[in-house]
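One chain comes next, on its own, written as structure tokens: the form predicted on its own.
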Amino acid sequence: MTRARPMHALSALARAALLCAPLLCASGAAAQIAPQARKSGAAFMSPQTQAMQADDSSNPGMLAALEGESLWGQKAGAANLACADCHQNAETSMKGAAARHPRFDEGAGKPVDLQGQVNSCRQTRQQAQPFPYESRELLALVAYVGLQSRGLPVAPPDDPRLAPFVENGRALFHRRIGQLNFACAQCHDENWGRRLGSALIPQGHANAYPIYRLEWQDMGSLQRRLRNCMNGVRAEPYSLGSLEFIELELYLAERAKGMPVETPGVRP
């Protein structure tokens, strides 16, 4: 006979999910949020946190973007090249880049997100070692590139080669996983605006990454946030950089299409 795990051994999200399971499991098939009803995650934050994100002098994510600006001009690798040597001024050359990722990479034959694109350039152009996922340097460069798209609409490429990957991402978003048997859609499509424990459930739009999360006291990518959710429902998380995460990013980009980019975002 299997013994139930004591409540104190579970994560905060898992405890809240167990307590709120009747609310989450009572809903039927998930209906996608209508475009006119979509809200940024910032809309679910306190006024103080909203103000922190809106003020560049208070937004801690801007420190990462400033570090990324420094790295942009820093030569690296056997080729002794900087990002700026190929792309010149990021304010013009990178405008809209974050809004259009993930995109299909012909060389790899699969989609690549902005983290993967930065590392691809490091390997092929700079002939340097790729940055580890979630490393300070990689997040800083992605935050700096993302900043150049701030205020522009999320605009996933209209590329038929991406279609099967988007559909895989949609299936992953709606698939129940983990010991708690929850899907992303149960929270973010069906129950947004309600509470899971003490926390408001946002709609789960990925238009502000990488973000500075107050809980982390650090920057993090969308993949880190997705891993947190998978751990919370007691599922085995995908590996950072895995195709499954890229497919989820693709679907979330389609789901947030037209919403303004907020990078670098701040979240509770």
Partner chain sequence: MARALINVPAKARKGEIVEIKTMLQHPMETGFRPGPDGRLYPRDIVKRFVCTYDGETVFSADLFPAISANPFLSFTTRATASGVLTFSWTDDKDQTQVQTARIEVE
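Numbering follows the first chain given and starts at 1. Predicted model only: the values in this text are computed from it and were never measured.
As for the form predicted in complex with its partner chain, it is not shown, yet the points below apply to it.
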- The one option of 241, 60, 220, 237 with any heavy atom within 4.5 Å of its partner chain in the predicted bound form is 60
- Message: Exactly one residue in 136, 100, 87, 161 has a non-hydrogen atom within 4.5 Å of its partner chain in the predicted bound form; which is it?
- Response: 136
- Using a 4.5 Å heavy atom cut-off, which stretch among 198-206, 33-41, 60-68, 228-236 contacts its partner chain in the predicted bound form? 60-68
